[in-house]
Structure formats: C-alpha cells, structure tokens
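Next comes just one chain, in structure tokens: the form predicted alone.
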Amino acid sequence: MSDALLDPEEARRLRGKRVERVAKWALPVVVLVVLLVLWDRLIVWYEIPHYLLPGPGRVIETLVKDWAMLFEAFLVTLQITLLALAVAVIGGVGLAVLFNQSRFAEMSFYPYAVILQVTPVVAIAPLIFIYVENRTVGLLLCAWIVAFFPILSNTTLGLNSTDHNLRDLFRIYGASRWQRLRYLQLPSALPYFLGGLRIAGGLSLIGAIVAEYVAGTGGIGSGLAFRILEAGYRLNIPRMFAALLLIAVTGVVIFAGLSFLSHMLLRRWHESALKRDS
C-alpha cells in the first residue's frame, strides 16, 4: 500500500521501520569500511613495515596466495568445532533432562559440571593430551568441555521454568511424566536451549583453537591455530592475520546460522521472535 493512502502517523511509522531495516545492515558495513580505510592509512602515514602490521590489502593477498594451506587447516578446525558442538548438544540436553527428572542426580552431578566449566581449558588440555593418545579425540574433548555447559545450564533452566499452572493442568488430565516432558517442558525449554546453543557455537570454536594451541603438532591434520603459531615463528605476520580472519569469519557464520535457526523455530509462537507493531 502506498504511503500516500495512509494517515501521517502510520506512514511515518512505516518509513521508520524501513530506515531501521536498512540501517541494521548498512551501519556495520560503513563502520567496517571506515576501520579498514583508517587501518590502511595509518600504515602508510607511519610507514609501518608489513612484518609488524600488514595492511588489509596484504592480508587479503596472503589469504589468496596461501588459500590451499589455510583452507585445509580451516576444514580441520571446522570439523573439530562442529563435532564438539554436536556432542555438547547431545550431552548437555541429555544431562539437563536427567537433572530435571531426578533431583538426586542434579544434586549429585551438577556441581561437578560447574567445576569443569570454571576450570580453564588451557589448564586441563595438557593432561588430556597426556592421557588421550588419539589427537583428534583430545581436541574434541577440549572443545566439548568449553561448549557443553551453556547448553546444560540453559536447558536445565528452561525445563525447570515451565509454568506451574500448565503442569497442574497436565497432572489433572492424567498425563504421564513422559507426556509432560514431551508436550510441555521440552517446548517450553526450547528458547532457553537455543540461547545456550548460540553461546556454545562460539565457545566450541574457541575450545578447538585453544586445544590446537596446546597440542601444537604440525603436518597434515593441523588446524588454523597451528598455522598461526607457525606463521609467528617465521615472522609471517600477514599469514597470521589471514588465519585470524578465517577464524573470525567462521565464528560469525556459526553465530549467524544458529541465530537463523533460532528465529525459524521460534518465529511463529515465541515472544522473542514475534514481530509486533510498536
């Protein structure tokens, strides 16, 4: 409908929504462009050598030149990240359901999950690689330790936050414990789980990178973290920035993908995803 056919207040509101929709994407792009131009100009003005701080153009050039090597390392890191996230989802949701169904199990094991979360993975990783001979399993275990707690804690919170009136209604109608879990508690906990999943997606990548730093083995099967270490030893700073750029982009894509998944699952019924007129 044309804005001319609407009353002035409604037309102004629609124009504001259009501007906000464009600004949501345009402003970050403008900020990124300004920062890249400023970065490039500072290097030129102060004549900073590329082995100390490469310009954005040299970083992109290095990324293209070393693409085969960096892409192979990227696939290794991505594999560990996604596997750790998948195992974290299975373990976190499974434990959350167990804790919800058994108060005794929650009191017995939840404190140890907290201890595992607050202990830095960089301190645990050397022990893991001592006792776990398979390097891939060690990397996966380190990344899983970092990623699973947000899913566990958020899903447990969601399962325990189900409306008590609805629980009583299910009980009145004679619903079994399994029926209450399947038809009431799990749907109610879905937004909490998806919030934890978005956090865990980034943490699984961080865990994979930290584990690769600690493992520190080269050759075939090395991830982006080792490539950064290797480039640092050789003072190949542009390659370090190129690998760091791949890590950053991977993290953004994972978060964006999980946010899109959350929106698709919640858009028709949950308040956090419903679009309402202000």
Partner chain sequence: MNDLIHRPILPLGQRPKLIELAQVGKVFNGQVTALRDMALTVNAGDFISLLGPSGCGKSTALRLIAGLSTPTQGRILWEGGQGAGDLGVVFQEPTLMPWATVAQNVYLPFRLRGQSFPSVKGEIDEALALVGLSAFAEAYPRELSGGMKMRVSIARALVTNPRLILMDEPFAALDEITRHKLNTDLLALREKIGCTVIFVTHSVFESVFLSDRIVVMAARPGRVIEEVLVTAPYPRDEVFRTSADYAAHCQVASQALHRAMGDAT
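Fair warning: this is a prediction, and the values are worked out from it, not measured in the lab. Residue numbers count along the first chain shown, from 1.
Although not depicted, the form predicted together with the partner chain is the subject of the following passage.
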**Prompt:** Non-hydrogen atoms within 4.5 angstroms of the partner chain in the model of the complex: do Ala68, Phe71 and Glu230 all have one?
**Reply:** no
**Message:** Given the stretches 135-143, 167-175, 90-98, 196-204, which is the single one in contact with the partner chain in the model of the complex, using a heavy atom cutoff of 4.5 Å?
**Reply:** 167-175
**Prompt:** Does the partner chain get within 4.5 angstroms of any non-hydrogen atom of Ser108 in the model of the complex?
**Reply:** no
**Asked** Does the partner chain get within 4.5 angstroms of any non-hydrogen atom of Ser102 in the model of the complex?
**Response** no
**Message:** Even though the partner isn't displayed, in the model of the complex is Ile128 close enough to the partner chain, meaning a heavy atom within 4.5 Å?
**Reply:** no
**Prompt:** How about Phe260: is it within 4.5 Å of the partner chain in the model of the complex, going by heavy atoms?
**Reply:** no
**Complete:** Heavy atom within 4.5 Å of the partner chain in the model of the complex, from candidates Ile124, Ala113, Leu184, Leu78, belongs to Leu184
**Of Arg268, Lys24, Arg12, Arg18, the one that lies within 4.5 Å of the partner chain in the model of the complex (heavy atoms)** = Arg268
